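The chain below stands alone and is given as structure tokens, in the form predicted on its own.
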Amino acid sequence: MIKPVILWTDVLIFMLTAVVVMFIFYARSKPHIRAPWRRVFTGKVAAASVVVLLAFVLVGLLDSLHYRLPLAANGDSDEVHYAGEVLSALDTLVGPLRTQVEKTYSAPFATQLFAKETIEQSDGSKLRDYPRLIYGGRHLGDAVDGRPGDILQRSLLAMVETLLAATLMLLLMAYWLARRHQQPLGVTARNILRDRFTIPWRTILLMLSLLLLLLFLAINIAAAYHVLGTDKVGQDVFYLTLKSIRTGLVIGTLTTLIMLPFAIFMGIVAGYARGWIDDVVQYVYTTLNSIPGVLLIAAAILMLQVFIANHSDYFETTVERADIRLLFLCIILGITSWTGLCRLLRGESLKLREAEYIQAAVSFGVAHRKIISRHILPNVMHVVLITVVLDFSGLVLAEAVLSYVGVGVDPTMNSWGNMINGARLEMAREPVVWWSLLAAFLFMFILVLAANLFSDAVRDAFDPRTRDR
């Protein structure tokens, strides 16, 4: 039996997922909440962005199901011992990507190492040449000239599989919409292809098909070649990039959860109460803004490293040590990033406090707590939502910068920042090892771009000024 490993960030990720699912069911029953969200998903760009973000979230959730495998029995003892390596459901699904480790660097789709080595021949002579990879293109044998044709054949197979899967998705989508709108199945399918629905189902279908094409390409090609090359110790760069998705999502989401209570409570209270309470809140966030964030994060991470070194018995595996550092980094980022939203909420609360309906509530003796919860908070939620979505991409980029300067996540944890930090020395090699930097940049760019496009749609739908215009 495998031994489940529950990390702190795993618990928080699945709690956040449960809260989002419950909010979706709650919003469906509230027309005033459902209406702006429906406006969000009527845009083609927003719909495509959501599909991309959900793909990243799915990978992150699979990488958050951790476990340890049992070791082989030793002797007659019935006691079960478990391996020190912590795996995830994603590791099980990718299979060969994790286990097929080469000697050192190899370029994307290569069948030989990137640097020449001295190879001893069967007759005892020595030759300076590029050694053959252990796993990359192994199925080709010595016929490495057949690599382009093999890659083309596998790509065509992936396209055929994508076409079949897209047809199946179209039929399932048409069946569901046909039952919902009481239409014939054929008419509904044509309406999807002609984009005649309010929600752009054709755009969603096309984006899902593109993701399926990438998935089938990875299944057919990545098992036989290192599609993004290998790093210094021979690990597959594509695998490392997939494993880094969870770190980016954790930094972007958990930091927001930590930041929201500070920002919402202190911002609304400062704007509504005014007086000395407002002065204290302004003093706190002005003082915090005066401290360089990188120095504060560096000091906190160094203190945590000392604590981990002095209490190593608290953590069974290196993954648990890396996870507690990641959680602590989220806490520090949350403490240092709530001031911007707090300032916005203070300004909105100052304006709403003078509204006639709130003045009337005060005159009738309604408790301040009820005024804040029933009138102030609902009317500033659009600011909270817009800021949260906009800050997500900034936090993902912040992790890369902090890891680059050495105060980010643990070096043993897979992250785009650590990949970029490692590529700093690779770019100085001759010849240049460029694929690690390109892979981290490409995945980070897609995630941040999708988040920014989605945030634009949320802002247009929830901001009363842009909505009215």
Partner chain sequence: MFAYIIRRLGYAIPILIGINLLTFYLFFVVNSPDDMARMHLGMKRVTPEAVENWKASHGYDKPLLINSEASNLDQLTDTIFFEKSLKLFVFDFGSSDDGRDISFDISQRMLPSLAIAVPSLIIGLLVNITFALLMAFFRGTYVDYTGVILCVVLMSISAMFYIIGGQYLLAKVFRLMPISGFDGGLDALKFIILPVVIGVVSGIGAGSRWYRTFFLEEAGKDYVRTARAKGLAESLVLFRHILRNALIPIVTGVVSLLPLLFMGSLLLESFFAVPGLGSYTIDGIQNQDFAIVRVMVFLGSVLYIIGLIMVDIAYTIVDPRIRLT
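Positions refer to the first chain, counted from 1. Being a predicted model, the structure only gives us computed values, none of them experimental.
As for the form predicted in complex with the partner chain, it is not shown, yet the points below apply to it.
Taking the partner from elsewhere, every residue among Ser312, Val401 and Met444 has a non-hydrogen atom within 4.5 angstroms of the partner chain in the model of the complex. At least one heavy atom of Tyr283 is located within 4.5 Å of the partner chain in the model of the complex. Shown alone here, Ser290 lies within 4.5 Å of the partner chain in the model of the complex, counting heavy atoms only.
In the model of the complex, no heavy atom of Leu69 sits within 4.5 Å of the partner chain. Shown alone here, Leu453 lies within 4.5 Å of the partner chain in the model of the complex, counting heavy atoms only. None of Leu295, Leu171, Ile134, Leu214 but one reaches within 4.5 angstroms of the partner chain in the model of the complex through a heavy atom, and that residue is Leu295. With the partner omitted here, the residue from Ile420, Leu62, Ile33, Val52 that has a non-hydrogen atom within 4.5 angstroms of the partner chain in the model of the complex is Ile420. Look at 270 to 278, 300 to 308, 199 to 207, 367 to 375: in the model of the complex, residues with non-hydrogen atoms within 4.5 angstroms of the partner chain sit in 300 to 308. Counting a residue when any of its non-hydrogen atoms is within 4.5 Å of the partner chain in the model of the complex, the hits in 426 to 461 run Met427, Ala428, Arg429, Glu430, Val432, Leu437, Leu438, Phe441, Met444, Phe445, Val448, Leu449, Asn452, Leu453, Asp456, Arg459.
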